[in-house]
Structures are given as C-alpha cells and as structure tokens.
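Here's a solo chain for you in structure tokens, the form predicted on its own.
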C-alpha cells in the first residue's frame, strides 16, 4: 500500500490480528505521520491553546462576551502546522475522504483519556455543514470524526448557508450572528465534535444554542487547535 500523501510505501506489520482485522488506519507513511505535531506542554484550560496562562486571551474575550461561558472546555490533539494545513485542505476541501481514516486511532485514544468520564452521560454532536457546502464537499469531516467515537451521537443542529469561516477575519468570526438553528432539544450533556478550533466562534455559537434550549452542559472535542 502506498502513502496517500507522498506515494511512499506504507510499512505494514503482519500479525495474527492484522490478518483477522485488516488495518484501515495506515494510509500515511511513517515520514508523513512524523510531520504531524501533537500539542504538548502547558495549554489553556478552556480551549487547548498552547499557553503559559490558565486562561488565554481568546478565552478571556469569550468570557467577557458570554456570562457564564456556554462552552465548558475544548480539547484538541494536534497543532495546525504547515503539513497539517495542507493535509486538511486535501482531506476536506478536495474531497479525499480516506485521509481522515489516519486520525481514527488517535481520536479514539485521546477521547478515552479526556472524555471517558462523560461516555455514559453525554451525547456526541458533530458541527454540521450547510446543505450547499455538504453538496460541494461530498462529506462532513466533523461527522466522520464523530463516527470514530464509542458514544451515542445525533445531529440536532442545522447550519445556515453563508460565507466560509476561513474567509472571515477573526473579528468577523467572533462578532457574527449565530449560523445555526436547532432541530431538536437535547437534555443530556453534549460533546461537540469538529476538525479545527480556531477562534472558537463556531463551537461557542453552537454551544450557546444548545444551552439556551435546556442542555445542561456542552464540551467540545477537536482534532486540531489553530
């Protein structure tokens, strides 16, 4: 099998387990996987941003806008370095669905460490795409990540079509109107799932809608911290 990024051969260890349950995760070679940077060291307790402060400047801004904060906290796994940026572009903007499989194992592992205490009391909710954006891309990367998790999930949020978040400035993301509407209320704790936490606007807006409708608590789990 060849790496989906660089076409190098992907190493494969032949074991009884691999014969019985073929691996679907090694779509990247060891060299490419080595370019993915895990978040390490001190980080903000609220958003996973690398920071020596327990509460970073972005989170202080969110707390000044919403009292109390609608989002309990976010946990992210990877840094948004140059290689990850290129990988994500190919994965979700150029429709290479299979690349997402390379994140399955680590997404499950970190969930067990940081969210296992919520496993029986919470439900996972992927951040949705608008109908237009879903048709354009062919799949929702947040839904894909959600399907990796060993927890009940549902899709109570609907996203209104508008300009891409990546095209907006930081100020526009934070001060813009809520792009979501709620199709059904959720009375359990919620873990929102998305690929990237950048300013936090998307997740805070979704969380606010859920909290206002009676959801007791909202957390978020993201693959990358931008």
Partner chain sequence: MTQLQDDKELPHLSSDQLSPDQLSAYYSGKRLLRNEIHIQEVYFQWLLSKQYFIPVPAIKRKLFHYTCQRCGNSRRSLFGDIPCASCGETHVYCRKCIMMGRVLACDFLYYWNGPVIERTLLQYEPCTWEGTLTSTQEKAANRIVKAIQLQEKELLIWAVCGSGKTEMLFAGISEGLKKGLRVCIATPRTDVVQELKPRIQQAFSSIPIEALYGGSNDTEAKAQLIISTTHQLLRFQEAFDIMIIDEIDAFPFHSDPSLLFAVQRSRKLKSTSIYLTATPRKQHQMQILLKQLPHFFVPVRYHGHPLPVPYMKMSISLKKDVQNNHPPASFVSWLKKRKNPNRQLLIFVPTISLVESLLASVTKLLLQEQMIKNKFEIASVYANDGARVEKVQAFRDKKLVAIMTTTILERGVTFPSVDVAIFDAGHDVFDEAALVQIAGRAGRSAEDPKGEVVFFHDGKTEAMIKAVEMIKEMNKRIADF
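This is a predicted model, so every value here is computed, not measured. Numbering follows the first chain given and starts at 1.
Not on display, but discussed next: the form predicted together with its partner chain.
In the predicted complex, residue 134 approaches its partner chain with a heavy atom inside 4.5 Å. With a 4.5 Å cutoff on heavy atoms, residue 117 does not count as touching its partner chain in the predicted complex; it lies far away. Using a 4.5 Å cutoff between non-hydrogen atoms, residue 95 counts as a contact of its partner chain in the predicted complex. Proximity of residue 150 to its partner chain in the predicted complex: non-hydrogen atoms within 4.5 Å are absent; the residue sits far from the partner.
Checking 72-80, 108-116, 151-159, 95-103 against its partner chain in the predicted complex, the stretch whose residues place heavy atoms within 4.5 Å of it is 95-103.
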